[in-house]
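Just one chain is shown here, as structure tokens, and it is the form predicted on its own.
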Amino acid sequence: MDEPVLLTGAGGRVGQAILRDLAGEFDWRLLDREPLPSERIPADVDESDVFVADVTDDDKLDEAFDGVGAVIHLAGDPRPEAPWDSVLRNNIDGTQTVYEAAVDAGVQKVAFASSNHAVGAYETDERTPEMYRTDDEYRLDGTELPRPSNLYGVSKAAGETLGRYYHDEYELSVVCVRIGNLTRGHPPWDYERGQAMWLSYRDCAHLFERCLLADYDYEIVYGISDNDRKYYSLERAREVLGYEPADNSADFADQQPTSSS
């Protein structure tokens, strides 16, 4: 991709995972509501391409979007316990503002960071914990309706629906990535759910790279590594995006620290 890529929420965990592996692969513009410390800005990103702005700030967004070819939209309140006034402003209003700015600027693609919390209520007492284990065949594949487990999940489901609208109304290419449990180095220890939905940093970067390079209309995919334990299907991400994850939470089983007595 020759045109710049705008990364909103660039200072957060997902943004830093993307930049760690892809800093030199694209012409980045970075946007965050807080000033980014120098260690979070790739060396080849010019100061003029770093924006401190809220995603509900129309004027600042217009400036950041000028000439951009694609957007990875991560910005928002990431707390599962976030209250309604925050998710409404930061996650729903902010996401709608981003889609609108993308259309106005002639952007081709938006990769929207959705969340496992958009479908968290599928994890019923009857299904868990068996659904987190390798011998269970239950899968969510992105065709199911949202079933949020908290107000944060509601806001992510709303972002997916907004993406559907902006695709249908304006032919914007939109991919919604329902991100699992992103941790650096190794999957969560002693946490079956986290191991089943683990996303490594390098698989995260690779997945969003494919979001920028592949051709698609409107898609919902799951963002996890290729774990032996999984209840999210990777088939659509593989088929549409060409996603080929390298990591598997099972590969770290023998590295798990043992508690001393």
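Numbers for residues come from their place in the sequence shown, where the first is 1. This one's a predicted model, so the numbers in the text were calculated from it and none came from an experiment.
Just so it is clear, the following notes concern the form predicted in complex with a small molecule, a form of the same protein that is not shown.
Chemist: If we define contact as a non-hydrogen atom of the residue within 4.5 angstroms of the partner, is Asn90 a contact of the small molecule in the predicted bound form?
Modeler: Close contact exists here: in the predicted bound form, Asn90 approaches the small molecule to within 4.5 Å, heavy atoms only.
Chemist: Are any of the heavy atoms in Ala75 no more than 4.5 Å from a heavy atom of the small molecule in the predicted bound form?
Modeler: Within the cut-off, so yes.
Chemist: Does any part of Leu213 reach within 4.5 Å of the small molecule in the predicted bound form? Heavy atoms only, please.
Modeler: Heavy-atom contact with the small molecule at 4.5 Å: absent for Leu213.
Chemist: Does the small molecule come within 4.5 Å of any heavy atom of Leu140 in the predicted bound form?
Modeler: Contact with the small molecule, no.
Chemist: Can you work out which of Leu207, Val221, Val55, Ile224 has a heavy atom no more than 4.5 Å from the small molecule in the predicted bound form?
Modeler: Spelling it out, the residue with a heavy atom inside the cut-off is Val55.
Chemist: Among Asp44, Asp59, Asp217, Glu34, which has at least one heavy atom within 4.5 Å of the small molecule in the predicted bound form?
Modeler: Only one listed residue qualifies here, and that residue is Glu34.
Chemist: Only one of 128-136, 152-160, 102-110, 168-176 gets a heavy atom within 4.5 Å of the small molecule in the predicted bound form; which is it?
Modeler: That would be 152-160.
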